[in-house]
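Just the one chain here, laid out as structure tokens, in the form predicted on its own.
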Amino acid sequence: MTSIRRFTCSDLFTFNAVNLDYFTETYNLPFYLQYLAKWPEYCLLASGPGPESMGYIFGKAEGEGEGWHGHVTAVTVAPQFRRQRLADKLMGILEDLTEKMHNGYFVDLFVRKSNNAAINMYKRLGYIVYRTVLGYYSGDEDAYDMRKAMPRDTRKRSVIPLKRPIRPEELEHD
């Protein structure tokens, strides 16, 4: 049975196996600790009956005015636990937090243009490609900025795609 709970500092020593995927961005310890301190509600870990980490999600709330939103910084599931809709569940919890706790207008995320499995999953969950960010990932790989409007965005203005690609320095947030 899978349980989903808040990520803790001690989990930083047990989740390495989940990060061994080419598509998973990894960060330094202070980065994770900052998220745990500022947005603990957005940091979740999925684990099985044993001590093994199955997957996790890290996110945050950011922006101003109609740009106030939830952001998925990282979501990943260990290869042996994929195809069980665990990422769907983690994304759903983050979306619920964005809507009910933070009253955000949308949820956004960045994904490598080459990660077709993730792109298809996000599309199935209702996300659209909002824009392309040129050279976003190391090695100059482009990213899609994908978005899903929350109920607060009644006119769905947050998900009207941009017509031109942008560079990382043009992004509104970190």
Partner chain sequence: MDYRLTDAYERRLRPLYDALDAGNWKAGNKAASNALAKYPGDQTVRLLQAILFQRSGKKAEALQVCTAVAEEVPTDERVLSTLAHLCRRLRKMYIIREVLEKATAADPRSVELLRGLFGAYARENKFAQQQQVASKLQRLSGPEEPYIWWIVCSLILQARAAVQGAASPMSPAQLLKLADGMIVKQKQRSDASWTYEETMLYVGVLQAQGKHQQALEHVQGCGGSALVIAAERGALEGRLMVAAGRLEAAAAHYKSLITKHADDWELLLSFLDVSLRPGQCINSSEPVLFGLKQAASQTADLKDPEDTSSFHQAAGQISKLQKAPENAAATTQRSLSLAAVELELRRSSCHESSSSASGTSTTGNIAAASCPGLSAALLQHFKQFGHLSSCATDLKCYVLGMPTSDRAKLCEEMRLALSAVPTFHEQDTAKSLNCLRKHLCFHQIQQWLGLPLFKSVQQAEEYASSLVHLYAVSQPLVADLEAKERGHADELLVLAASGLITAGKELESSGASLSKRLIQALLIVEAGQQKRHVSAPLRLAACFLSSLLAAPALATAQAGALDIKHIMHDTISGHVLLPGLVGSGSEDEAASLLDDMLRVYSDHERDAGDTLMMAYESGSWTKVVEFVAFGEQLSRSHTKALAQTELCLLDLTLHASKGPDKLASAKSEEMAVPGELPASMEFHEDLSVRPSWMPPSAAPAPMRLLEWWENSTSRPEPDLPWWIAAKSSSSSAGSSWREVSSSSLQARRTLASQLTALRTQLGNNSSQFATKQGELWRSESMEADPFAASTYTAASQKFTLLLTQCLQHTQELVSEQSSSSVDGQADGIEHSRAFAQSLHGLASTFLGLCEQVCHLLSNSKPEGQDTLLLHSHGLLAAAALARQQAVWLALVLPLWSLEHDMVTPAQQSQDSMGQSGASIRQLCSASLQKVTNRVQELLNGSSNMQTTLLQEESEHIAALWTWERAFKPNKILSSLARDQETVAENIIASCKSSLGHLRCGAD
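Source: prediction; values computed, not measured. Residue numbers count along the first chain shown, from 1.
The form predicted in complex with the partner chain is left out here; the points below concern that form.
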query	finding
Contact segment among 123-131, 103-111, 41-49, 57-65, judged by heavy atoms lying within 4.5 Å of the partner chain in the predicted bound form	41-49
Contact label in the predicted bound form: residue 154 to the partner chain, heavy atom within 4.5 Å	no
Proximity of residue 28 to the partner chain in the predicted bound form, heavy atoms at 4.5 Å	yes
Partner contact for residue 119 in the predicted bound form: the partner chain, 4.5 angstroms, heavy atom	no
Residue contact check: residue 87 to the partner chain in the predicted bound form, 4.5 Å heavy atom	no
Heavy atom contacts to the partner chain in the predicted bound form at 4.5 Å, residues of 68-87 in sequence order	79, 80, 81, 82, 83, 84
